[in-house]
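In the form predicted on its own, a lone chain appears below as structure tokens.
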Amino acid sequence: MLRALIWDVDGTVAETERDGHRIAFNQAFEALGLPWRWDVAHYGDLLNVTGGRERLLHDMASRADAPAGAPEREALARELHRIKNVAYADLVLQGGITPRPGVRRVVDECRATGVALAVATTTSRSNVEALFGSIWGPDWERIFTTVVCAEDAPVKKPHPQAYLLALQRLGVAANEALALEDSPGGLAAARAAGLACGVTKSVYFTDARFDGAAWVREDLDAPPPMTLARLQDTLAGSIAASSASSQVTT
């Protein structure tokens, strides 16, 4: 039985990367008088590096005008990331970022049937608070009762730390929960935690490979719409496949 649905945030709940975080990073560069700008394509390449501060450090490594020393780069990355998070929250409050198709509906179905809702993300708590507060209002934590963010799980995806901690806090086994992701790295993290994982491809991962996903689709409303009953079937099918595989192995 499906007891919990664990959501990734950026790209899964909303298309935040291209239309939110990227813009906020550019605003942070401008605020500190830096000539750097991340266009849509370059930011897509940077998404191969998990974590905003880590992306900044990766990008600086190829810039001749970045600070030369590692401590100076680290300090600049921290300050840029802080400014960026404030800018991102402002963008969200302006209403420029909306949930992806089907997200509200699936959340409502889970709430109506008692399936727990959780978050396992490598983004910061402030980013989750801004986005979820905008979508579900100030009481969003009553809906998502377990929230694991970068502050809780500092080892980034594709490491399974965020998902393992979410399962621990939920008090459920991996075969009682299902993950929703948008990227290959997120999928790998969920699978490494023993979770079956469905994928709704975000704009930056439309052509990516998702080996090991329970299913891959454009969004939760794409025909046929993903319902709670189908999510239950996904989990049951994953458990059956795992059992059959273990029998063959032994």
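Numbers follow the displayed sequence, beginning with 1. Here the structure is a predicted model, which is why all the values come from computation and not from measurement.
We do not show the form predicted together with ligand XBP, though everything after this point is about it.
- Residues within 4.5 angstroms of ligand XBP in the predicted bound form, judged by any non-hydrogen atom, belong to 116-124 and to none of the other stretches in 67-75, 138-146, 103-111, 116-124.
- Contact check for Glu17: a heavy atom falls within 4.5 Å of ligand XBP in the predicted bound form.
- In the predicted bound form, ligand XBP stays beyond 4.5 Å of every heavy atom belonging to Lys201.
- Within 4.5 Å of some heavy atom of ligand XBP in the predicted bound form lies at least one heavy atom of Asn85.
- Within 4.5 Å of any heavy atom of ligand XBP in the predicted bound form lies no heavy atom of Arg191.
- Shown without its partner, this chain lists Met226, Leu235, Val9, Ala24 as candidates; in the predicted bound form, only Val9 has a non-hydrogen atom within 4.5 angstroms of ligand XBP.
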